[in-house]
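Coming up is one lone chain in structure tokens, specifically the form predicted alone.
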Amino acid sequence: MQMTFDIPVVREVDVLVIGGGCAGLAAAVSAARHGAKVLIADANNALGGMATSGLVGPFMTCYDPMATRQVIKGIFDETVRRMIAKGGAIAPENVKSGTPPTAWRVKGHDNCTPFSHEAFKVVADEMCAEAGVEVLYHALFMAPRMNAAGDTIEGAVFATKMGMIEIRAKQFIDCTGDGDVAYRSGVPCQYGDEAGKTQPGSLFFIIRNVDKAKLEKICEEKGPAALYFQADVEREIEEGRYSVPRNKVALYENPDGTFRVNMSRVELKDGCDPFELSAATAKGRAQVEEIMDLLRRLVPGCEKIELVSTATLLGLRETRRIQGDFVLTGEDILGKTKFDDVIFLAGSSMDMHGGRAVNYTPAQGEAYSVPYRILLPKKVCNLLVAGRSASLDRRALAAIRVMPPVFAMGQAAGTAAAICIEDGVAPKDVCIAKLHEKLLSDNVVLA
């Protein structure tokens, strides 16, 4: 897809980051700190993506599966520590599984990080300003402008309040989550499973007036699993009093004492279809009312809850994944494959949603490594792709689509893009030793 009519070129930069979620923030700040002239563009009015506009939280674990060592640091950890200084987050080392900030989940939930989405917005703006990143809000990516050969992006076209505009760059980073830039540039992509089916979406929301003491008493008397109310929810579904197809209560306590609710479940055939996405968002909001009613009737301590806010963005767990020359697989993660081009370590579990339940495979043992090559798409030579649309199979996606690994992917992509500018090379030709040197200097754990 390419625009053919006259569009004003309003900026020329070294690196253009498209998509301002966790990956985009890390990519933009990292590239700028390493000397590149950077602009980040997003369709929303804040950076953070699902962490802010999507109300998704907490950050899942940044530790190894044994909960003994923090393995995702770098820009992610800096963002967390800055929020802590504002009273907007709780340090991951202070959060243990089976407690309110983890929704009383046990497996794979040590060292989560509760945070305030408002604190995230402010910290993200501050980090970009300090690094010299120009931020463009309210800019919806429309199409790339390709060279004659079709293998290099020369500019990106956005829809804005002033009309269509173009921004030109030398290197591009796709952090849209849906692989929009890659897909529209001709990169081959996989959508969902072999039949095109994806994991369902969820609309997060925040509630207040939870009597936490009642819930903690149940936890003390019956154990954390009692707070899932699974048998009760399934009975409500079977007897026709509840129609949301998810069989557990999930309330995550925020630093301010409110709770995020992750119980909505919306099936989509195509999360990139604007009409279907609109209908799914409306359905998610309708589910919120039903979930609120269920909580008031079923869960002690929730009798007087009130709705604070629903997310602006529907949470999508899966849409497009790019095809690269290398694809990270679930077997690589489970087998702890070692990669010479490692860009970060992770300890996230495989979390595959579908039907009423979650197919959850807890990570075990040491952390696993993730390679640089997953950021490199086929066909387009000056593009990196960071986030859940990287070159992954579905099982690998189920592990590293959560926000701490997404931060780490973005940081590696931004650092690599800056090296491309400095050395005059394409992303596939980045010197891995130089990339490792810069990542290590920026507090990234590689071994």
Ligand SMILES: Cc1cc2nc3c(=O)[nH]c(=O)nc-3n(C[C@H](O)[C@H](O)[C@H](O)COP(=O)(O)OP(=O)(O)OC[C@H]3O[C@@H](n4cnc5c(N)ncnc54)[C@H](O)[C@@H]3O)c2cc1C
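In this text, residue numbers run from 1 along the sequence as written. Here the structure is a predicted model, which is why all the values come from computation and not from measurement.
Beyond the structure shown, there is the form predicted in complex with the named molecule, which is absent from this document and is the topic of what follows.
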Output flag, G48, F59 and D180 jointly within 4.5 Å of the named molecule in the model of the complex, heavy atom basis: yes
Position in contact with the named molecule when the complex is considered in the model of the complex, options C420, V402, L39, A396, heavy atoms within 4.5 Å: V402
F259, W104, F141, Y242 - the one with a heavy atom within 4.5 Å of the named molecule in the model of the complex: F141
Interface stretch in the model of the complex with the named molecule - options 386 to 394, 27 to 35, 412 to 420, 66 to 74, non-hydrogen atom within 4.5 Å: 386 to 394
The named molecule contact in the model of the complex: V380, any heavy atom under 4.5 Å: no
Heavy atom of S185 within 4.5 Å of the named molecule in the model of the complex: no
Partner contact for N111 in the model of the complex: the named molecule, 4.5 angstroms, heavy atom: no
Contact of C175 with the named molecule in the model of the complex (heavy atom, 4.5 Å): yes
